[in-house]
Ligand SMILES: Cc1cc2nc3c(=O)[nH]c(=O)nc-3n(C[C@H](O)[C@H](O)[C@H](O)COP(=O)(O)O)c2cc1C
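One chain comes next, on its own, written out as structure tokens in the form predicted on its own.
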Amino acid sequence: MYHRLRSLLFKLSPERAHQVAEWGARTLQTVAPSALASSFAFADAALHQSLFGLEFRNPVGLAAGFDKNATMPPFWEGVGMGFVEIGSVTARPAQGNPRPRAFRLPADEALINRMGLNNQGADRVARRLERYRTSVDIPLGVNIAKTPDDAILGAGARRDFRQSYERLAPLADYVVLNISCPNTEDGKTFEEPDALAALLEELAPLRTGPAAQPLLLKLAPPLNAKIAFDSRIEELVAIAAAHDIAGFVATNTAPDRQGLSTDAATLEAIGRGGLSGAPLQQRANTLLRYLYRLTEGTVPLIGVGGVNSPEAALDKIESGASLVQCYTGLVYHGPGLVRDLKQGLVALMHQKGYGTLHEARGAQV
């Protein structure tokens, strides 16, 4: 069914198609929630996990970027996701970059976007999350980033993160810091060890009481799929351990164009932006394996990038992920991908002799 719908959506610009899909999801979650749930129903005890104090019915979740403003959590629960990550959300509302700012690469099952962190801001998103706390029964994570303003740098960027965290963390089941965007005076990101340490120190006083939610870091992909050693990542992991970071999300989009079959002229016409989808699969898995080894498998990892089939999902889990997230895969395969991933994971686990996800985790490392 989605194949026919996709042919219509793909006649629209990517951003317009996303708006139409969001309208459809919001309509279904309001007028036909029970029909939605029954259409996508699939559950299996082998997919259940307890991670950082939360219960996950299954490991398949929504990556940040698809539901920036928390308008669709009931829909995602209805199609069977195990968790949802809202955002990225910034302290102040942001319009993002000029359009066009999203592009499809069908030959690569990929997307390029330079959306520019467009979102309605922490206050408005918080008001929606307040409504969903009692109506949505899956973990809701919130991904926060710095407000995209060139005047907000250094200490100002840390205060900006602090404002978002203070507003949103009490309403989230976990919080992810999107530290891959330029945030410092010299244009570096909070993935620089000194900058990250200063940011975590800024947030430390808030991480008590109702705001003491599990805190995760979302990292950029490695430069290639053959990374063997990276001192910067080792420093980040050490800093994270010293600040009680609960886990890592691997990975964000990539600024380069490695491994694409899309012609050079098309890529040049598109210009800059973050690459997501199938071409990132192996690079993300490489980072997952590296993080798994560095943390000796003691820290939950969320795998993102190229989750478009049960085989790809299990590959991430065997590379060290406890959970996986979808974004680009949903664009190309529709919401039925969630059910397909869960059913396929159970079948593949049975074939390989895994009784639980815990048994499968890190088996390739």
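Quick caveat, the model's predicted, so the values are computed rather than measured. One-based numbering along the sequence shown.
Just so you know, the form predicted in complex with the named molecule exists too; it's not on screen, but the next bit is about it.
Of the residues G277, P73, P148, G82, just one reaches the named molecule in the predicted bound form with a heavy atom at 4.5 Å or closer; this is G277. Contact check for Y327: a non-hydrogen atom falls within 4.5 Å of the named molecule in the predicted bound form. Although the partner is absent here, T253 lies within 4.5 Å of the named molecule in the predicted bound form, judged by heavy atoms.
In the predicted bound form, G78 stays away from the named molecule, with no heavy atom inside 4.5 Å. Using a 4.5 angstroms threshold between heavy atoms, K218 counts as touching the named molecule in the predicted bound form. Comparing 151 to 159, 238 to 246, 113 to 121, 197 to 205 against the named molecule in the predicted bound form, the single stretch with non-hydrogen atoms within 4.5 angstroms of it is 113 to 121.
Residues G87, S88 are the members of 70 to 88 with a non-hydrogen atom no more than 4.5 angstroms from the named molecule in the predicted bound form.
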